[in-house]
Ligand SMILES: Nc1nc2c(ncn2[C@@H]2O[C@H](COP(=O)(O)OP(=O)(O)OP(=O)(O)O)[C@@H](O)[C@H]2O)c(=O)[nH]1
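One chain comes next, on its own, written out as structure tokens in the form predicted on its own.
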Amino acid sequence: MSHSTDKVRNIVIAGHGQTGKTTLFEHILFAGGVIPRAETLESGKTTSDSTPEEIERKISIHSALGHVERDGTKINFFDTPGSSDFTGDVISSFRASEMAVLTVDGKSGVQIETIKLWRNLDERKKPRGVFITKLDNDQADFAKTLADIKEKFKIEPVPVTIPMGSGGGFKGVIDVLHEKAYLSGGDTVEKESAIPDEFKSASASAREKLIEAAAEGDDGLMEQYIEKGSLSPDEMKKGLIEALAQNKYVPAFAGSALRNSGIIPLLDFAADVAPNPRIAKDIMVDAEGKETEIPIDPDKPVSALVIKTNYDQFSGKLTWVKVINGKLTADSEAHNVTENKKERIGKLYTCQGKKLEEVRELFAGDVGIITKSATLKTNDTLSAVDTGKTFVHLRLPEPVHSIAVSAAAKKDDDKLGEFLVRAAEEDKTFNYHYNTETRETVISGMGELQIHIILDRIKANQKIDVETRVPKVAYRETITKKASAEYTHKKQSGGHGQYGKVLLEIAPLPRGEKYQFVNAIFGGAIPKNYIPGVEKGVIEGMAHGTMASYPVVDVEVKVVDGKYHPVDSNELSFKLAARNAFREAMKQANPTLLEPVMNLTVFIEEKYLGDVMSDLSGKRGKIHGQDSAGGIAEVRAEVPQVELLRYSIDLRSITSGTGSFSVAFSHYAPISGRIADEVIKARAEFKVQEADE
């Protein structure tokens, strides 16, 4: 059954690992009547964690989609991974949803991944709520967790539900919005009841805060609230809808998913208050790079964004799409604007975890799956016609962990490459490339766990043994002073010979300028038609520096004089002369090695701050700043890339697995002394090995 735009809600469940996301998702499907019973992680039978890797490790690795119907409204829920290694699926789910619900452990409070997710939602200006989980556990404290959220995010969360008791005395929750109590269901769906007398005062107090939040949604409602001191239930609902759509408050929910508690009020809020897809906007970009915001609109011609691609052993290739405009229909034709190709849309599906449910159409705002598409891939734009505009790609973080790989058996190299292509297509935070400079196949991802899982899958499914090693760093060479040199290329071998003489002056450029070629020839010392040959020779000379044969960067090259022969000169002669002149000049220009330096941001618990700072100092890092709030520290530094090749492993060891980081290229910086000597020695050994192969 398909649902119109106004009857669709999209909510992503996200949060730090082990905060109960999959358990909440499972019990939502149970409470919604989708599955006959809620399974535990330990059983390996949950709806969302269905792959062998997820079942074995008892963690979510991929996002999963399920839906329930509440009062005629279809509510899509995404269950997302908690580990930063699998953040790509969280990002794609954020893009496809109009609201997020972040799970926060009622005992542990806000943790590192929660903070990173919150910042991502801030960048998107996306409405969000918090579900405080595991309130039946000892030491769980709803009020304390709300205070922690307030301290870390500088917002006042507004309880929509409040707990009745905690720990061993946890009885259930009160739905403040609908003024009902729900007793914990244990193995059954929670039961509605009247609010017990002992909780009426707390419920009334929470309702007052909810009314205040509703008044923020509309100027007229605020006037009404100031004048009368309250709002009617209809006014309250209207205000809550509008204020949440504008991200003016953060609703907070209480519960214990394992005990089927707090689920029904969450579903009622999702159906009654959660943002309608019409409030959301997406961004399109034209061929010139101009961006335009467009609303989700069912009345316009169809357009959709591919948010995810994966492969199922039974159904084959699955292409996940978010419909932005119009209506996507099965057995129809659309245009893949990204690839400028016609695309045949075969069957359409929604899903409950890995179980596909066929539908005839998907309306704007809804999310579904196209099967067996030959060409569609993540980030592609589907449209009714070729508009020349595509949706902006998913904003994914840069990979932070890389390793070099090769098949143990040479015959498996091509097969390994094919599998890596597919893995990179399924997970856009994973990539691989062949580095011609170091002659290595390098794979990169968000962490050691992500890469290990991909390599384990290769071994299990493709029967390929893969060898791994730390990748080589791509160093550079440059010069530190001006120099000049001339070179004459002369060759006689009967008939026409070869002749070209070139005088070059070279000078250092600011870091990052790369290369500049200046033709300063006057009077025709080198004819104009040979100047391109001179530049080609310079570029060839820069490909291999004189210190360790690394590429040369940040050099201005000026050709100032030369000589030609009317019969024997040609472009090749001047290319060879220029290449050798450049190498001679570079030897005199005080060359130096450059190493890549990365911008590093580390997120850790404050108790590990000293150890992390000490470790970064030992890695030649320069600390540029730090911020701390609520026990979580953010450290910003510049660190040489070579020191970070195993940083995901080092940080996990220092922080007992709780720390995370992001990294991006910053600049190249000079190195000298022992470090440079070691680089030159290693490069020489590599060149010998390369020559022997």
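Residue indices: 1-based, along the sequence shown. The structure displayed is predicted, hence computed values, not measured ones.
This next part talks about the form predicted together with the ligand, which is not shown.
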In this chain shown alone, the residue from S93, Q450, S303, S256 with a heavy atom within 4.5 Å of the ligand in the predicted complex is S256
Sole residue of I632, L41, I654, V34 within 4.5 Å of the ligand in the predicted complex, by heavy atom: L41
How about S97: is it within 4.5 Å of the ligand in the predicted complex, going by heavy atoms? no
Counting only non-hydrogen atoms and a 4.5 angstroms cut-off, does D136 reach the ligand in the predicted complex? yes
Look up in the predicted complex whether N10 has a non-hydrogen atom within 4.5 angstroms of the ligand, and give yes or no. no
Contact of P81 with the ligand in the predicted complex (heavy atom, 4.5 Å): yes
For the interface check, one of 622 to 630, 663 to 671, 41 to 49, 646 to 654 should have non-hydrogen atoms within 4.5 Å of the ligand in the predicted complex; which one? 41 to 49
Only counting heavy atoms and a 4.5 Å limit, does any residue of 169 to 184 reach the ligand in the predicted complex, and if so which ones? none
